[in-house]
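There is one chain below, alone, in structure tokens, taken in the form predicted on its own.
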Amino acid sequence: MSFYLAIIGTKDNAVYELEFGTYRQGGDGKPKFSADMKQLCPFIVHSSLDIVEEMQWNTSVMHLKVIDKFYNYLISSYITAGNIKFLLLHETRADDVIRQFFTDLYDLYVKTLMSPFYSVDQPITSAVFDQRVRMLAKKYL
């Protein structure tokens, strides 16, 4: 199984992107997207932003669960209090596990946001942040 994670800023810009594979069922953590799918992942995720923005005003929860489908891929979403969107492209439905992943990712993002060297909507280039996101993926996905 492969995953594509995107953190989208308030101006609909990509703040952080990561492709990774599953560590479950003997997985090695490497994404197994086809060459065409690797190029489509950002477009699929960004096309679901309209759905996220429609849904965010109709609910008070932060985790919107599965919001869209593309072929055999599902897109799950989480909206922060600061209107930052976490979007995950994945193949199987696992709402509770993805919710826990998003909750821990939100904690990690808030810690990054509290840094005086980071401002909202700025791309996250920290190797520590990347390593911790990969650790969360290994833990949950």
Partner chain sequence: MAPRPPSAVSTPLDTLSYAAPSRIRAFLCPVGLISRPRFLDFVSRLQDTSIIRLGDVTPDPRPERVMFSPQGLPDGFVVYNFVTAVDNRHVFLEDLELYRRTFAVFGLADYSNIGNLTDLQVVIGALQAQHPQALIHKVILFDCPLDQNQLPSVDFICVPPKRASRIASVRTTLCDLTSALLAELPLLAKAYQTTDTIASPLARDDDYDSITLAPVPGVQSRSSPSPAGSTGSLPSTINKDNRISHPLSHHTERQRMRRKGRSMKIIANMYLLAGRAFDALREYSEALNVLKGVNDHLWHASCLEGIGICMVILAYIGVPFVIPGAVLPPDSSSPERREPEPPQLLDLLPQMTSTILSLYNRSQNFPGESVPQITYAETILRMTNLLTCTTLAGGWTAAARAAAVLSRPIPETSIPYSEFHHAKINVMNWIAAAQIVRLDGVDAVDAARILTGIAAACGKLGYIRKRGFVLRQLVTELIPRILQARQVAQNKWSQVPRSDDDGYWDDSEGASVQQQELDSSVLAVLSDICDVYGIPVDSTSEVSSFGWQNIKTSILKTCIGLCQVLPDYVGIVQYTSMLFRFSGGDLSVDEQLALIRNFRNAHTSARSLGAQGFEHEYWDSYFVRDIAVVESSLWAMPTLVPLETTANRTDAGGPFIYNPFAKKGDEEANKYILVLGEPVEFKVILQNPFAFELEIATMSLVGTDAAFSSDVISLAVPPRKLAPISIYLTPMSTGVLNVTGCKFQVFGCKETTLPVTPTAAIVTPPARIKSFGLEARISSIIKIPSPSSVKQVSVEVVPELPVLRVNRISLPQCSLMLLEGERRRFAITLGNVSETVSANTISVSFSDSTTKSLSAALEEQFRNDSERYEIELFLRKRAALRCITDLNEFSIPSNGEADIEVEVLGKRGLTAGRIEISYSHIIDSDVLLEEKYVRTLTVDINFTVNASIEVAGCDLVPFSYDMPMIHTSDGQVTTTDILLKFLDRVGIPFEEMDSYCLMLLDLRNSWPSQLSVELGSRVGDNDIHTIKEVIQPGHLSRLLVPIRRISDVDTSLPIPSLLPPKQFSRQSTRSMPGNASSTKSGVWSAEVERKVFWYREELLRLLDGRWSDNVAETDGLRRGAVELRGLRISPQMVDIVRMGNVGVDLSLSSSEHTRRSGKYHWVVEADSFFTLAASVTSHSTAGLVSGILRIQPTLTNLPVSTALDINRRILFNGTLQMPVVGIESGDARRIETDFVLLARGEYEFVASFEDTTTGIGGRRYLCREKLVITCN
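Positions refer to the first chain, counted from 1. Quick caveat: nothing in here was measured; it's all calculated off a predicted structure.
Missing here is the form predicted together with its partner chain; even so, the following discussion is about that form.
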L141 within 4.5 Å of its partner chain in the predicted complex, heavy atoms: no
Partner contact for N72 in the predicted complex: its partner chain, 4.5 angstroms, heavy atom: yes
F3 within 4.5 Å of its partner chain in the predicted complex, heavy atoms: no
Heavy atom of S119 within 4.5 Å of its partner chain in the predicted complex: yes
Within 4.5 Å of its partner chain in the predicted complex: residues from 43 to 66 (heavy atom criterion): F43, I44, V45, H46, S47, L49, D50, I51, E53, E54, M55, Q56, W57, N58
